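First, one chain by itself in structure tokens, the form predicted alone.
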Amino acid sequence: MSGRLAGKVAMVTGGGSGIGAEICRHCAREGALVAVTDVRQEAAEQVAAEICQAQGHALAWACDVADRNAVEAAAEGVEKELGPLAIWVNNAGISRIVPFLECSDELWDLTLRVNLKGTFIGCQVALRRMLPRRRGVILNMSSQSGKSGSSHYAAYCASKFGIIGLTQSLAIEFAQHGIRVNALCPGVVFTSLWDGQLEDYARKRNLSPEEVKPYLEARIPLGRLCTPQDVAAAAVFLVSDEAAYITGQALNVSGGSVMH
């Protein structure tokens, strides 16, 4: 087995679609044994099957990231089937575009439950398994919305800003134990998650749905939207030994839209 992640066990949450699925594929191509986890068992199994068909190694688990027992069970299953976890990617998340005064308690709680609490639980479960070995890498998925606030996006921004703070805190606390913790901050990626909020974004900007993509592209210095492949390539770098001296960082993958 060859590649930058050869023989390493990598667990990716939200791996059944979009960015998470592409991170799974990239990790497998670099030689990792990939645990594809998703709240939807069928989606996870589909991605794992695709990786195996491409001569990679992957297995699927169903997992609600905000359910500690489910995350613990998945991690136990992964280590039993694949071996000690070396890489943990907290990618699962949700997003809704809604005016702040229309944001319900339920939507606020759900967004922070999945995005921030889910990352918190994932980090705790990963760290408790990595600490005895004094090695491991955790990668948390934030967003450019974790660097700059945006209207109609308060719950999402709050959750993604929180992930960066959590990442920095853990990087400091666990560096002495040989564990690195970083975050990624992608720009707009047109996945199924974005498809579900396209009309809401169009209304926010007084655009037609067809005008949204050109509008967004015109605001990006590199002139195009971020892709799952862009994010996955950055993810593989940060979890590889090539980034051995990088921890506590929140790396922008935004085409120049955010530079801080």
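Quick caveat: nothing in here was measured; it's all calculated off a predicted structure. Position 1 is the first residue in the sequence shown; the rest follow in order.
Just so you know, the form predicted in complex with a small molecule exists too; it's not on screen, but the next bit is about it.
The partner is absent here, but in the predicted bound form a heavy atom of 189, alone among 123, 189, 74, 85, sits within 4.5 Å of the small molecule. Contact check for 20, 114 and 194: all three have a heavy atom within 4.5 Å of the small molecule in the predicted bound form. In the predicted bound form, residue 39 approaches the small molecule with a heavy atom inside 4.5 Å. Contact between residue 230 and the small molecule in the predicted bound form is not found at the 4.5 Å heavy atom cutoff. The closest heavy atom approach of residue 137 to the small molecule in the predicted bound form falls outside 4.5 Å. At a distance threshold of 4.5 angstroms between non-hydrogen atoms, residue 63 is in contact with the small molecule in the predicted bound form. The chain is drawn here without the small molecule; in the predicted bound form, the stretch among 126-134, 141-149, 169-177, 99-107 whose residues come within 4.5 Å of it by any heavy atom is 141-149.
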